[in-house]
Each structure stands twice: as structure tokens, then as C-alpha cells.
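One chain comes next, on its own, written as C-alpha cells: the form predicted alone.
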Amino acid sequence: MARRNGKARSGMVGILDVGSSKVCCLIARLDGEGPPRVIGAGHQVSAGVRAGVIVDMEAAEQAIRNAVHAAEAMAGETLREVVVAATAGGPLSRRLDVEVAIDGQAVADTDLRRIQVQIAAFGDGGAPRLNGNGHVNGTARPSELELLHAIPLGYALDGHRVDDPRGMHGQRLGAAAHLVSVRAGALRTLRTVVESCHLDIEQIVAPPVAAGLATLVEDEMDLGATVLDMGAGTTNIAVFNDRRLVYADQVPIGGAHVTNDVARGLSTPLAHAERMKTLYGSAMPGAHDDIDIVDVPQVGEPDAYAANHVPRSLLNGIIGPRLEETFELVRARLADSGAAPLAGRRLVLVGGASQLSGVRELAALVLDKQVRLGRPLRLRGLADALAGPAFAVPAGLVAYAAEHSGDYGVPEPLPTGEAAGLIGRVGSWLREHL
């Protein structure tokens, strides 16, 4: 089992990241001394997944089986359960503040239960749902969402933050939590596909949590930093401050959208568009772009001599605007959510699309931040091919499983007879963290 209430974990852990472009499985050995050691790795081209959501269960299942088999063969072990990245339908990030009157008395367990009742009332009324601009847009029934993380943001007594209010005197007791949820339907589909591969799901983790745990240094987590996970189908946003995830969101644009733009704009097959983007493309214009010539194979033309010859500036003129749009959407989400003041001056880019030339410079220009490329920091034995920004989430899943703590944990399973669903789980979390 993962660490609970400070207890260390040892043994073996398997993780699974089902993304739009690749499926990755890692097997790591945890010995309690030093970072986890990767003993098996497998990754396959993804199939049946679009924008992080499974759209073809059979194709996705086959890709998962291939990745898991490769990791098991390398490790010489057989996986029975895995920690999974919840790429499906989210994340939806919500801050919850509740407050009760205690009228000068010492805070007791009964007051903590009153806080739980307040949260229960919130759950019954529906959870605010963010629209594309980050604004509250109606309500989502609790059955539409599944809570992945309930992250404590602190407690307040008469407006003053306290760590543990029990026994303290005051007039009003408040509590704050950051709730990270995903769409329940999409997550159930992911569960079904993973379980059809004869794997039990040990834990489910939001990708922004994993990306941050894998790549941020201690000072960045303390002082405030933003992590952008630039995948093939989506770009995930995570803001960390005071060692906690305080905001998570998703922009529905990724590296595959850039590839599609190149394929359409230059009338070339997708495979060639991806190759040109990777080898010759840049998010920022270069001094010799009008001079450098790129060969562009044409759709339906078997003869290589039928390729067009276009200046590199034409290719970059397609790539740059799409990436600029992505960063502008990120900037708008941060501003509209109110998370911008907590996001700090540091921006860490991860994900396969972050490795394109000029992305770091363009992100710094649009978002006005100090930017670096993030790489897995807390793993041993990771092959060079898997140690880049594209594998930040899988590495973070291992770190999460090895160092699982209440600050990022999924609320504990409920005792027998306790209320089920979102309300009961948040109540269980409150009791655990007070």
C-alpha cells in the first residue's frame, strides 16, 4: 500500500500513462532508501485515444497490453496492479471554503463535524463547473464528477490561519480545500479498459499532480511555479504554491494540432508533417528562414520528385501562431481563475510538444515568466530515452506512489456505513487531516 500518515512504502510499483500519442508503463523498485529505481519500461504508440479520452476501447486495450508486456519482460516481473494517470475529461479544479460559528468556545470534534456538514451541503447543491474561459458555468451533478484529490489549503480561526484548530478558542472556524475532479463517465471507461487488461487500479492521479512532483525543485514548490504539460492532444496547467497544488486546468490544444495545421497548410501527409515539424520547425522565426528550403512531399504523390520546395519561414509561419494561441489561452485561464498571483515567476515546460525549437522562448514572451524545460528528477535507472520532458507524467506517477502523502492523496476509503460518494469522501479527508 502507499504511504499513509507518514508510513513509508517498499516493494514494487507499476504505473500506466495512457496518453493521446503514447502509452507508457514503468515498473519501479522501492527500497525505502533513495529515489525509486526503474527496473522495467515499455511504451507504445497510442491508439484509440483522442484529446486524452478513450474513443476506441479495443485499440486502447491493445496498446496498453503491448506497453505492459514490454515493461514486464524487461523487469522480469508480472504486474497485478498499477497507478494510473487520469487523462480522461479534466481536470476540473475547485476551491472550497466553509465556515462555522463557535461563539468563543474551544474548537471540538463536534465543530469539525459541522464543517463536514457544510461540505455535504455544497455537494448536494452541485459543484461549480468551469467553462472554456475558466468561469463558473452552471452546476455539475456529483454523479458527473469523480473526486481524485482533496488537497488541504489550511484552516482559519477568526481569519487567522492555523495548522490544527482543536482546543483553540475563537468566534468562527473556517476550512479550505482544493478539489480536483474529472468526468466520471470518461474515467469509468478508462477503468474498464485497464481492468480488461487484467490489471487492478491501485490509485488514480491527475496528470498535473504527477508532472509537478516529477519536475519541480523544492524552492519552486514553495515560492510558486506553473507547470505546463504540453501533450499531443491537450495542454495541462498546474500551479503549485506553498508545496501544494492550488490550481489545475486543461487547454484542448496539443502538439497533434500543430502537426495537423502543418499537414493541411502544406498539403502533406501527417507522418511527413510530424517529421518536418520536429526536424525543421520552430515556434520563433529565425534569421535564415527565408533562405532555408524545406522539401514537402505532397499528399497522394508517390514520386519524391513531386515534392514542393518551400522556405522554412512558411513552415514556421504555421507552427508559431498555433503555439502562441496555446500560451495565450493558458494566460487567460490563469487570469480568469485568480491563480495568476500564486503562479510565481517560474514556468516549467514538460510533455513532448515542449521540446520543439523556440517553444521555451515563445512561452517566456507570451506568459512573461522565467522558463525552463522540466525533466524527471526523482528516479534512478531511467534510460536516457525516457529521461526527457515527454516522460514527466510517468515519472511523477512513480514518485507519487513512492511518496504518497495526504497533501496530494486521494481521500481514504470510507468506513462501513459511512456516506458514499463525493460528500462522504471529503468528510473522511477532513477527519484525516485535522
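In this text, all values refer to a predicted model and were calculated from it rather than measured experimentally. Numbering starts at 1 and runs along the sequence shown.
Quick note: we don't show the form predicted together with a small molecule, though the next part is all about it.
A.B. asks: Could you check which residue among L397, A390, V68, A28 gets a heavy atom within 4.5 Å of the small molecule in the predicted bound form?
C.D. replies: Contact residue from the list: A390.
A.B. asks: From the list P165, G344, P297, G233, which entry has a heavy atom within 4.5 Å of the small molecule in the predicted bound form?
C.D. replies: It is G233.
A.B. asks: Can you say which of 283-291, 178-186, 225-233, 145-153 gets within 4.5 Å of the small molecule in the predicted bound form, counting heavy atoms only?
C.D. replies: In the other structure, the partner sits against 225-233.
A.B. asks: Look up in the predicted bound form whether Q105 has a non-hydrogen atom within 4.5 angstroms of the small molecule, and give yes or no.
C.D. replies: Judged by the heavy-atom cut-off of 4.5 Å, Q105 is well away from the small molecule in the predicted bound form.
A.B. asks: Can you check whether P208 is within 4.5 Å of the small molecule in the predicted bound form, heavy atom basis?
C.D. replies: Outside the cut-off, so no.
A.B. asks: So, K277 and the small molecule: in the predicted bound form, are they within 4.5 Å at any heavy atom pair?
C.D. replies: Yes, K277 sits close enough to the small molecule in the predicted bound form that at least one of its heavy atoms falls within 4.5 Å.
A.B. asks: Is T326 a contact residue for the small molecule in the predicted bound form, using a 4.5 Å heavy atom cut-off?
C.D. replies: Outside the cut-off, so no.
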